[in-house]
Structure formats: C-alpha cells, structure tokens
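Okay, here we've got a single chain as structure tokens, the form predicted on its own, with questions on binding and movement later.
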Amino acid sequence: MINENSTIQFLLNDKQVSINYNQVNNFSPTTTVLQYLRNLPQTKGTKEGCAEGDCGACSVVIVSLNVENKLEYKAYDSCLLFLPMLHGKQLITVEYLKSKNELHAVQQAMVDTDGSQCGFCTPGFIMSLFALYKNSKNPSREEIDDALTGNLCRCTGYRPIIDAAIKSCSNHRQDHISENEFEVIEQLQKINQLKETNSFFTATQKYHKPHALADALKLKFSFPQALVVSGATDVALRVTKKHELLTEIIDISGVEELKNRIEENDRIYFGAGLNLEDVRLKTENSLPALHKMLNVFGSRQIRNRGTLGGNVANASPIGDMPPVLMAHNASVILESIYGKRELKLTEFITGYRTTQLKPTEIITGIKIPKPDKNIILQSYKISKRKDLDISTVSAGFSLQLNNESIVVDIKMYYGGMAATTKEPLQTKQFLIGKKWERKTIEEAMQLIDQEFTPISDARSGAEARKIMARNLLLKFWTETKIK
C-alpha cells in the first residue's frame, strides 16, 4: 500500500506555497516552473527565450537539503522543470535577491561593470552568478566560464559579465539570504518529513512522485506504460516544444536511494538519479575520460538536472554518455518488484531509442569497472559549438598494448554514425595483433570508412561524418603513440 498526497509544498522565495491538484487551479502536473512564474504578478523577471534549455533567460536557483541537512544552491532552467519537482525545495527568483536597502552583490557587480544592455537575458545571468556566488569563493576563470555557459547574451559580449562574476565572487560575504537559512532549513525539514508519494490526477493526466524506491517500483508495476522521468531535460521538450500531453508520469527525482555513489575495489557504482554535474565532479581523478565528456555536456543548468540513468535510457544515437560508457565496459542495473538484473550497456541498447527495459522496470544504477593501469581510455566530441551543443560525432576508445606496442585489445564506440552507438567490428579485428603505428592506423581508417553509412542532417553531411570518424581514430593514436 502506497500512502499518497495530492498536495505539493515548496518555498517561493520566503513564502510557503501549497498547491492541491484535487482542487481547481490553473496548473497541470506538467506545467513548467517557468509557466508558473510567468503567471504570477511578482515574478516576471524570469523570462522565456527558447523554452528548451538553450538560452538561460529562465534560469532560477533551487535550494534543497542535502544528506547533512545543509542547503545546496543550484541554478536550473525553469523551462525544463515540472512544477511537482519543486516539492520540498525553495525556489529563488531574481526578485528576491535585492534586500530592502541594497542590491545583491552580483546585481551590483553587473551594474558596476555595465554587464547589461537590453536586459532580457540579465535576470538569468544574475541567477547563474548567484549560484556561483553561493558555491565558490574566488572561482577560476574556467569555473566562471562553465557557470555562464548556459546563458546567452546577444548584446554585450561576455567580458563585462565575466568581470561582474570576478568582482562579486571575490568579495564574498554574507547576504540577507544567508541570514534566513536556519528558518528555511526548518521549513524544508517539515515539508520533507512526510515521505508520502505525491499523486496528482486530473481528467487527462496521472502524475506520481514517489520518495522511496520500493514505492517507485510498485507504481511502475501498477502503471507499466507510465513515462519515468528524473531530470526530464529531454522529456520536458515534448511539452514545451511539441505541446504533447503526457498522460501518465512517474517522477523519480525525489528518490534519494537513486542518487548515491559507491566505490568498490574493482568498480564504481552511480545511482541512476545522480545528476550529471555531481557525476562530473566525482570522476575527475577516477574516470577522466568520462569527466572529459561531461565537461562539454550541455550547460551547468542542464547537468544539475539531467541524470546518468536518463541519458542512457534515452538511447539516442547522438547521446554523449553511451560511447564513453561502452568504452568503459559499463553495465546497467534494472529493477522491478520481481528483483534486479544487470546488463552490459552494449546489450541494453537494441536500436534507435529502443532498449531491453521491460515495462515494469526502472533503471536504478550504472556500474563502471575501474580500468586497469595498462588500459588507455579516451573520449571525444565534435559539435558546431564547444559548449551547450548536441554531438555531430562522438567516440569512446579503450586500448591495451603489450610491451612491444602491439594491440592486445581495443574498443571503439561511435555516436552519430548509425541508428545506435556502434563499434566498427571489422576495424577492431584488423587492429588486434597489429603494431600501434601510423601505417596501421591509416589502413584502419579506410576500414572505418566502409563500416559506417551515416545520414546527412542539420548538423552535418554524411561524408563529413565519415571524415570525422576516421580522424578521431587518428587523433586517438596521436595522443597514445609510443614516442
């Protein structure tokens, strides 16, 4: 039996909000946070630019309790958040940053550096800067650039905005929001003490938000056709861009059991609900090839929301995670009320956006074996822009050589070259047993050309993709050749 509650509760700036979906209101379960804010009279600073997570004009900061009952401040694209995802959290908008007597430090810095012109994008930049202010003291230029990657400006260029980040975050001090943290912690603890499943039923939609894995599995058994979401960075576009009505949803973003990381002697386990930014921060030393790919995955706002399990479940042929995870020989953990099973990621994805996931199953984790010291792993992504762009071609490589530079084993997984992430098996067999030298690679490049028949689309022509694929193998060789 699942205890259910039809009400969501959260803090909007310093006010507690309750929305009961059993009562008549203007909001559906898939109303986005952006749409909600635009319908309120005092929160018009949050703007709609693209409604797909590209421009950052709708950026907000969401505050949540971590396992130590401390507050975490993170920037998000409000156009990609469904309203029930706010349950048990604090939503901070640009209007709340100004205290009674003065602008917030990040707002004042934008004024002082002339960081705003037309002003449309400015509130989003302010919120990204506020999140940076709360999390970093004297951030590096690299960290500032990453924090602002998800915000686009058409007027100023970015120099004065970067100057504002340097100015405000280097003079870090307490703000009026910090002064209210104890009260916020108490309010969020009170909301979160009840672990009931939030269930909302309208005439056209069923939306469930469980807080325990056992309840999530029971719901998936009862509603096998329901769409499972966690970050919803891809699914939300079906609502905002295609105006699709999603009739049954199980939102597992509140299941803390899916957000853990466990390191064992021979492998690292990531909960499927762990957001990609946390995965990025936890892999710099242990899994550098994965970390490298995550450095160019979307923006910080998107990584704060998107999850490892969601990217894998999406099974997109241009998804950033499958090539590098397959090179790592990663496995997917699938669970239902009947138990759990483990599949290699190469077996899990069966076709274009199709997998072996059964209707009653949920992805609960990803297992990645720790690479041996004699294994060389690397990942690459080619896109029109370095940041915040979809892959044209991506690749994950794993190489083992003997003492004489003979290829003992090699894995090569390419995204963007076929309907699924694909390994050129003939090229692989050709390379095994050969010396890892330029002549061998040039011969292998011709085989890669024959193994792929990519399509032409808005991102690239088919012939260009072939050139990219074979040149990535050459690039990998140049970075691993024995001098």
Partner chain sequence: MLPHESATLHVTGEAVYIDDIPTSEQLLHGRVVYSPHAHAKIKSFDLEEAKKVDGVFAVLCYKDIPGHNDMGPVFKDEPVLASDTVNCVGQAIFLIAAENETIARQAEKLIKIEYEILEPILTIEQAIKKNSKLQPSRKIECGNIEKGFKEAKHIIEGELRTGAQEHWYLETQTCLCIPGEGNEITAYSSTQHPSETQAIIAEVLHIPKHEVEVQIRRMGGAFGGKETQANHTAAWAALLCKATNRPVKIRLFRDDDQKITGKRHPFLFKYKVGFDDDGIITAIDEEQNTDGGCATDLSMAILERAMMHADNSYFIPNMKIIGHAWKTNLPSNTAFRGFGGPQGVACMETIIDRIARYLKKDAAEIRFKNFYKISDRNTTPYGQLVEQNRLYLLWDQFYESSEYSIRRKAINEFNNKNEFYKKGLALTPVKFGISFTTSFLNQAGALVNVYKDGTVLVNHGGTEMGQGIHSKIQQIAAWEFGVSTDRIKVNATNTSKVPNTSATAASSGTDLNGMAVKNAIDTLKKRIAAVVGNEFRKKYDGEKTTRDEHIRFENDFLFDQDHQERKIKFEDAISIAYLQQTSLSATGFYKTPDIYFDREKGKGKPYHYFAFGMAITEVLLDTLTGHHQIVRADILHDVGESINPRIDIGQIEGAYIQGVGWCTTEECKWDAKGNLLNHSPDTYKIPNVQDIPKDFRVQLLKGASNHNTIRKSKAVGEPPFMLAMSCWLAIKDAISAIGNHKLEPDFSLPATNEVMLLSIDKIKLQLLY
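What you are looking at is a predicted structure, and each value in this text was computed from that prediction instead of being measured. Positions refer to the first chain, counted from 1.
The form predicted together with its partner chain is left out here; the points below concern that form.
Asker: Heavy atom within 4.5 Å of its partner chain in the predicted complex: which of 409, 145, 284, 183 fits that? Just give me the one.
Answerer: Filtering the options by heavy-atom distance leaves 145.
Asker: Only one of 334, 162, 105, 226 comes within 4.5 Å of its partner chain in the predicted complex by heavy atoms, so just point that one out.
Answerer: Contact with its partner chain in the predicted complex is made by 162 alone.
Asker: Could you confirm whether residue 311 comes within 4.5 Å of its partner chain in the predicted complex, counting heavy atoms only?
Answerer: Outside the cut-off, so no.
Asker: Heavy atoms within 4.5 Å of its partner chain in the predicted complex: does residue 154 have any?
Answerer: Contact with its partner chain, yes.
Asker: Is residue 126 close enough to touch its partner chain in the predicted complex, meaning at least one heavy atom pair within 4.5 Å?
Answerer: Judged by the heavy-atom cut-off of 4.5 Å, residue 126 is in contact with its partner chain in the predicted complex.
Asker: Hey, in the predicted complex, does residue 173 get a heavy atom within 4.5 angstroms of its partner chain?
Answerer: Flag for residue 173 set to no.
Asker: Is every one of 243, 383 and 458 in contact with its partner chain in the predicted complex, taking contact as a heavy atom within 4.5 Å?
Answerer: Per the other structure, all of 243, 383 and 458 touch its partner chain.
Asker: Could you list which residues of 74-105 come within 4.5 Å of its partner chain in the predicted complex, counting heavy atoms only?
Answerer: Contacts from 74-105: 94, 95, 98, 103.
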